[in-house]
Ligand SMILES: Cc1cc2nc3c(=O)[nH]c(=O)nc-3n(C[C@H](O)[C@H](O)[C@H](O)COP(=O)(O)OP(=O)(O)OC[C@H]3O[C@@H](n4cnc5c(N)ncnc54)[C@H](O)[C@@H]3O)c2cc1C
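Below you'll find only one chain, the form predicted alone, shown as structure tokens.
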């Protein structure tokens, strides 16, 4: 039963906000979700044109158990997740390739043939190492409340070396495998949090365990089916979702949230607010200046951002049987690629290119004899060193030339196309500077510095989404909504008592 007559307001109907709404409504709370866009999903969106369909945000789904938990064991009533096999197909500049498989024995044989027996054995040791990190850090950094120095300090001393906080991801990887190609393959998982394997802490090798051991899943109908499922469950529980309803300000009095002011000037009183918006944007744009310290705003807005992305949605004539559902075309100099992104602040001259083709699994996502290509290149977040307004067209040509060099020249076969730059991503999703994962994870203290799910300076304000704990990616964002809702519910009796 609600402890207050006032609703709980959630700003943003992204996956984090919908996850929080489901948790709160399940606990009997009245919830209103306010979404500026015409549809729910946040960064998870879709585009349809001329018989083609594309997901425009996340494309790889892991950690199925998180969704089972969100739907209280009734996931199959809302969503069909099918395993993707192979997980991903990897292509190298010299023409070699291999398929990553979740089955350990099969993958060992693949790598024995692709590299050698020593590296195949080293890969298995690496998987055990990554699982050990997951086992130790999961309860501290992923599945519970945000980590504190006290909780980290309580990690048994015997486990601390296994967490591997002092090496970089690449530094750890090279201790397991010698092949430069396999090092590149394993280092790729840094990009799942928008980081560089040469800068991010080795602890983030935990991501490899999540995918390579836990598998990759695909929702029938497309990734956006997840957003639809979350929306359906929330509305069944009585959540009110208002689209095309932008919030101008989070209202604060005496250091506590009182409600929100909408873009049209109307106000809604609230018992509490969860912002499923980039935390830096909340402090910079949505909170009254008098309610926050300038130093806090400066700290959040000046943090190094994660990478962004350059996206091509291509309706391609013809079919390509040598491509899988998920494909990676590696650059020839991985270190230089990340230096371009994080040191020089320019899109890579020799980029690694990701191509997802959901029509490989859902045939109706493209007309007969065609394929829907989602092409992604990691790029810097928006800054003054690269002008997307004048240079996007040239970079599009460059990316297509790189694919042609791999033997996949689709330049004369594009029936329909849409280009999304980091500037577009910022405008469409509210992501600050178009960063896909908020602040960068390129240092060993990034997990401890990530904004808390409970605002420390405004009572009754909470955060969900990829810029808060536990981080980016659909399962992690889902967990952020769970954590925010649990904290709010724990605090609500006190707020109700205050009146």
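Positions refer to the first chain, counted from 1. This is a predicted model, so every value here is computed, not measured.
As for the form predicted in complex with the named molecule, it is not shown, yet the points below apply to it.
Engineer: Look at the candidate spot formed by 305, 348 and 380 and say whether the named molecule comes within 4.5 Å of a heavy atom in all three of them in the model of the complex.
Structural biologist: So, no: the whole triplet misses the named molecule.
Engineer: Could you tell me which stretch in 46-54, 454-462, 23-31, 436-444 has residues with non-hydrogen atoms within 4.5 Å of the named molecule in the model of the complex?
Structural biologist: Result for this chain: 436-444.
Engineer: Report the residue, out of 182, 366, 312, 247, that has at least one non-hydrogen atom within 4.5 angstroms of the named molecule in the model of the complex.
Structural biologist: Answer to the contact question: 247.
Engineer: How about residue 60: is it within 4.5 Å of the named molecule in the model of the complex, going by heavy atoms?
Structural biologist: Result yes; residue 60 sits at the interface with the named molecule in the model of the complex.
Engineer: Heavy atoms within 4.5 Å of the named molecule in the model of the complex: does residue 41 have any?
Structural biologist: Output for residue 41 is yes: heavy atoms within 4.5 Å of the named molecule.
Engineer: Hey, in the model of the complex, is residue 470 touching the named molecule, heavy atoms inside 4.5 Å?
Structural biologist: Heavy-atom contact with the named molecule at 4.5 Å: absent for residue 470.
Engineer: Does residue 11 reach the named molecule in the model of the complex if we count a contact as any heavy atom within 4.5 Å?
Structural biologist: Yes, residue 11 sits close enough to the named molecule in the model of the complex that at least one of its heavy atoms falls within 4.5 Å.
Engineer: Taking the named molecule in the model of the complex, which residues along 15-30 bring a heavy atom to within 4.5 Å of it?
Structural biologist: Going through 15-30 in order - heavy atoms within 4.5 Å of the named molecule in the model of the complex - the hits are 15, 16, 17.
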